[in-house]
Structures are given as structure tokens and as C-alpha cells.
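Listed next as C-alpha cells is one chain, alone, in the form predicted alone.
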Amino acid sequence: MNVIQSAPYSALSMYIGGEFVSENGRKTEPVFNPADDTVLGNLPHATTQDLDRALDAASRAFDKWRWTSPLERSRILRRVAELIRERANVIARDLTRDQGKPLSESVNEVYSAADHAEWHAEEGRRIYGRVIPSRSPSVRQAVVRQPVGVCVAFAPWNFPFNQTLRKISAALAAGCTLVIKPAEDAPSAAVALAKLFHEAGLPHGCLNIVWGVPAEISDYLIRSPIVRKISFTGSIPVGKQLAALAGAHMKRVTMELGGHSPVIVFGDADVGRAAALLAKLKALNAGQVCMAPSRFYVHKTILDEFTEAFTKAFSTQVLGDGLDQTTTMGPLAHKRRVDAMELLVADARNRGASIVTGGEKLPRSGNFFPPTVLFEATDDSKVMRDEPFGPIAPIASFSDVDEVVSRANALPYGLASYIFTRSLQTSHYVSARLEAGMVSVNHFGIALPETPLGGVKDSGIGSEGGSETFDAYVTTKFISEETA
């Protein structure tokens, strides 16, 4: 092993009203390194009093932040982007320690997050209203868009820096304040963000970060009359529960939930290029990506050729500690994910699929599962119906365009999808008919700051990214004023 030597893991805390709040007698939970199961640190849980302080701080800060010039909001976000780039390597090391992904992926995540902060800084200056010509010369009619108020956000563990910053940037750029509960499994990213915003001069109370038992924290915050908007990225079952609770209190939601992304590789595709790109995407973060290609439908005329090329590229991953410079794929985030992979493989085999490579957990410490390819997985197998969220690629054949579109749309998911074809006609036809919030043709072209990210059906409500990101953070007010 060639593990990079680095400074100790950063101290963990909450961030409430501009203050870093450490343990001090509070309940804590250990944070583990998924590569070797060692304890990295202890994370303090918020008390009810802490949550009330955070809500009060956000409410008081909103009274001023909502009227702060968009140029000043932009200045702070741009300064955060600068600080992120300056400290990317330090932030990435801790991210790899508690999340598990290879250091190179962590560095990429941190740098891409800086782009999100910068984009929101500029786009937040362009939240425009409009003037409506009136029916009377003495009346002036205008539409203005105003920040909705205090927001609550819940960020996931698979991209803890990028996803947390996405939510913070959108809320602050719109003129909102927020309380955010990131994932307790990989907390260093959010603590680093609190320090960056603090140093950049964000007024105290605009950003508050708390930790705790997810169900308890979400229930308390969403029920609060102070909160007006909820943003959540995570699983579909939890998302539905939070959306129902928010709906009971008439609160806006943005929900970016799970997916089971179909990949359709047509007979005229560039097989070698498609296989190489898909293998790279599938290995990213050990397959723990909501938008990861996860159901592979390959035309029968190229089935063997594609399977061989994809397996060759996918199986060459070097598994290990993310801080080891030779590692290309890290561990899964939790032991339960390893158990889930084994169950999916066993079910697929029982239903007739064959294992081309991988298929069994590795006999070593840490949460490692090898790249696994399942050949001719049936549509009724669990791996083709349930989001695997791991390094398993089930491959099935098809022969007809409408048939494969129907199979791709058969699930309640609708987040991302992928098409590989040289035919413009096929591309237009299929992309228009796939029930997904995002479609990529012959490349990976989603999740950029300037493009909307969101799903349809059970995969979510609303979008994050693109100009659409502000839709749920602002209210529309019509003003009709007689001037005579």
C-alpha cells in the first residue's frame, strides 16, 4: 500500500448562530472509516434546545439577509468558491477518510462544488420579476419574486461536500436562510463548509448545521412554524415521509430521490467507447450514485461484444483505502450495503443470471465488494427492480425499440437515463419517450451547475441546478398599484 500521509482528522462540531458547538456533554456518535472500520471521531448530536437556537438564529438572520443586496450575497458565495479551491486537498483528505471514495474523486467533488457556489453567486443576481402592461394608464402592474423564508435541508452521504453546498448556495443566493442536517456518516465536509462560510463573512445565523438521529431531527424541524421550505436528497421511502409531513403543513419541497437508471445500447453504437465510459461511470464512488447507470439493456446483435468489453474495463478496478494512491475504487459506505449486494447477486442467480465477474464480498477488513457483472438478468430479479446503489451491473438483451423503452419505463423510478446510438432518429425518438428527468446520449452530460438535476415519478419533485433551482426558494408576488 502507498497510503498518503496526512494531518489528523478534523474536529467535528455543529454550527449554530455563527458559533461552532462541540460535544460539551451532548450525546455523540462515532464516525468510522469504511476502509478499515477505525473510529475517526465523535459527532455531537443536537439537543432540542440546539434546534430551537438554530431555528431562531435563522429566523432573525432572515429579517436582514432577505434585504441584503444580491451583489453582496454574490460576493460571499464567490469568496467561498475561492476558499474551496485554496483548500481542496485538505478538505478532500477528510472526505475520503469518512466517505471512502478515492482521493482523486474527493478532489474532483470539492472542485466541482466550487463551480456550484460560483454559478449560484452569479445566477442569484438574475432572479428577475416582470412588468405587466395594465388595462388602465393609471395602474402599474408588477410581479416580484421574494425569498420564501427559513429553509431546512437534508444532504446525503455519497457526495457530502457537493450536495451540501448545492443546497446552501441555492438558499443563500435566493435570499433565504437555512438549517441543514447533512449525513452523519460523512460529516467532515459540512464542518469544512461551515468554516469556509464563516471566514467568508456570511452573517451569523444565515447558515446553521446540526446533527442527530435523522428521523427525530427532520420531524422537529419540518413541523416548526418558522420553516417554510424543505430540500431533501436521499431514498424514496424517506423522501415520501418527509414530503407528506411537509404537505401536512403546506410547506414547499424539493426532493431529489433514488433512481434505477436504464442504459440502452443500440446495435449501431460505438461499442468500445460505450463500454469504457459506462464502466468508468459505474465504478464512480463504488456505484453509490443516484444517477449511476444501473440497468443495462443491450441489443442482441452486440450483446456478447459489449459484455466482454464492459467486463474487461469494469473488472480492472483496484480496490483499497481511498488514500492509497493505487486505489481506483473505494469501499461501500456501510456494512449493510455489502450485505445488500450479496442478496441482489444471489437473487439474480436464482432467477437464471450468470456471474461474469465478481459476485462475492472480499475476505478483508472494510466494506469492500468487487465490480460485479450479471449476464442476462431477468426483469423480475431484484437487481433489475430495486436500486442497487453499489458496483453491480446487470446486463439484459433486447431486440425492439418500443419493447426496450417500455421495459426502461416499467419501474416507478425516473431520475437519469442513458442512450448509446449513432442514429439521430433513434436518439430523438427514445429520449422523448423515456420517463426520466435527465437523459444523456453518447456521453455523461448531467449534474452541471447550469443544468437542472431532478427526477420524475417516485424519483422526486423539482430540480436543483440550472435557473430552475430557485423556483422553490422564492415566492411570486403580484403588485397592482394605482398611480394617479
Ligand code: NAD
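In case it trips you up, residue 1 is the first one in the sequence shown, and so on. Computed from a predicted structure; not experimentally measured.
Keep in mind that the form predicted together with the named molecule is not shown, yet the notes after this line are about it.
Contact with the named molecule, judged by heavy atoms within 4.5 Å in the predicted bound form, is confined among 239 to 247, 198 to 206, 398 to 406, 272 to 280 to 239 to 247. Among R145, H334, R385, R349, the residue placing a heavy atom within 4.5 Å of the named molecule in the predicted bound form is H334. Of the residues given (W157, Y220, W119, Y111), W157 alone sits with a heavy atom within 4.5 Å of the named molecule in the predicted bound form. Taking non-hydrogen atoms only, G149 never approaches the named molecule to within 4.5 angstroms in the predicted bound form. Contact annotation: F232 falls within 4.5 Å of the named molecule in the predicted bound form, judged by heavy atom distances. When the named molecule is considered in the predicted bound form, A215 lines it closely, a heavy atom lying within 4.5 Å.
Put simply, R97 is far from the named molecule in the predicted bound form: not one heavy atom of it is within 4.5 Å. Contacts between 165 to 187 and the named molecule, taken as any heavy atom within 4.5 Å in the predicted bound form, involve K181, A183, E184.
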